[in-house]
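Single chain ahead, by itself, as structure tokens, in the form predicted on its own.
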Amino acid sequence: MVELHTISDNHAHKRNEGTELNLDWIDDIYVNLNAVERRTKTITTRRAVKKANQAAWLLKAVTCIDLTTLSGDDTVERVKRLCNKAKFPVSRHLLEELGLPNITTGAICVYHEMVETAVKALEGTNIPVAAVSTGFPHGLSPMSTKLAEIKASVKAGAKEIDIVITRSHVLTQNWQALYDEVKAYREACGDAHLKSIIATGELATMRNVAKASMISMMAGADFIKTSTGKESTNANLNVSMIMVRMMREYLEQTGFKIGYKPAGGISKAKDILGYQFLMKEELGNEWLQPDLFRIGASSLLGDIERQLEHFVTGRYSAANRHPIG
């Protein structure tokens, strides 16, 4: 039997209240990229999990997935199917063999147009709907439009809002503008939780990644997220290490726990283990729970199911036997 511990409250810790903008703190941020790379290269080699232990890690990952569809050809029926998969992400026969009750994914993530559909499809569950917003993925809409989009998604029932920052604020070192922007987004969210997408692949340097992460937290972000999934470079362990270290520093300075969401390009079960190991080693077991760790993915779930099938039966099944929507 696989032992799996979950929590029922999507956000069980005190919410980040933000801080005043502290430019001295930002100026003191440096990144030793060589040290980061040395550290990340050993994350998956120093810890080996196999058989039942690996199955437990993968099942935990399922509970942290923001099951996502962000395509131009999204339809109501596709979103409904995705929501049903979020409610029953792992085949019943696998869970029975593992001796486990049903689990669910961490959230469903959609464009604003599909928020009401997703909310209705998830009625009676604790699965929140996350809406990408603020001119996702490029974030170049007028500010008034961005704020209106956030408010519309919250009104439609979204409990989480994934915003995109204006990259030019980072590239021009206009930290006040970035802080003011994210703070305005946080206020527009009201009770909905804010995930700040840093778009790491478009920020030029790792130091910019670190500073943009810290500014977002200072402005009140509940989560920081690597990517939109639309950039040429998305989530990887190097940027994750830098962002997680900023989260740890922010916790030490303020006492507020910030969540982390890698997104984009995470499609294999073996890949997500590295992110889980990183969270455990840098921040502890609490950051393996869905209130502080989310994974922006779609095809990942299908591969996790294939690995679980192999654990239970000793055979790999065809990928089309584990549809995600």
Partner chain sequence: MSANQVKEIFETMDYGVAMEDRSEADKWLKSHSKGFKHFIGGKWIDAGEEFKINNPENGEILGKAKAADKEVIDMAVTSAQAGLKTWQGLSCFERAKYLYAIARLIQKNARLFAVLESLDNGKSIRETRDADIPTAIRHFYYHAGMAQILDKEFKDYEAIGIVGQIIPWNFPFLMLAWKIAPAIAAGNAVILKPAEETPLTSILFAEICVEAGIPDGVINIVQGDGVTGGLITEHKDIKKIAFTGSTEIGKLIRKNTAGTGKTLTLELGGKSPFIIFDDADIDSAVEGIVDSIWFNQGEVCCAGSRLLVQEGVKDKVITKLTTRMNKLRLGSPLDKTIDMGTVVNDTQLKRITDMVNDAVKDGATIIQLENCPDKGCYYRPTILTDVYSSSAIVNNEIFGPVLTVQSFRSPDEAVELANNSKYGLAANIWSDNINMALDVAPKIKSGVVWINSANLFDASCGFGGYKESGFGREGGFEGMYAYLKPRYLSKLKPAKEITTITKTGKLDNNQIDETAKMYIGGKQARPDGNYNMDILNPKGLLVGEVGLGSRKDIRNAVEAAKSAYKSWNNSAHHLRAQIIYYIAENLDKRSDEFAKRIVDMTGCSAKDAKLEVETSIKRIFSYGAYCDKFEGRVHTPPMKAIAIAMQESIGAIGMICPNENPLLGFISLVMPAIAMGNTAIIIPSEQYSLSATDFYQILECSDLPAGVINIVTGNHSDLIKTLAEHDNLDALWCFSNDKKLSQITEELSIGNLKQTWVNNGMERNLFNEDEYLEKEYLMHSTQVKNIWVPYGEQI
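Bear in mind the structure is a predicted one, so any value in this text is a computation, not a measurement. Residue numbers count along the first chain shown, from 1.
The same protein also has a form predicted in complex with the partner chain, omitted here; what follows describes it.
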Inset, instruction - Could you tell me which of 295-303, 256-264, 48-56, 66-74 sits within 4.5 Å of the partner chain in the predicted bound form, going by non-hydrogen atoms? - result: 48-56
Inset, instruction - Answer for A204 alone: is it within 4.5 Å of the partner chain in the predicted bound form, judged on heavy atom distances? - result: yes
Inset, instruction - Give a yes/no on whether L100 approaches the partner chain to within 4.5 Å in the predicted bound form, heavy atoms considered. - result: yes
Legend entry - Heavy atom of R38 within 4.5 Å of the partner chain in the predicted bound form: yes
Legend entry - the partner chain contact at E116 in the predicted bound form, heavy atom, 4.5 Å: no
Inset, instruction - Report yes if all three of L33, L283 and F311 come within 4.5 Å of the partner chain in the predicted bound form by some heavy atom, otherwise no. - result: yes
Inset, instruction - Go through H169, K87, R78, R245 and name the one with a heavy atom inside 4.5 Å of the partner chain in the predicted bound form. - result: R245
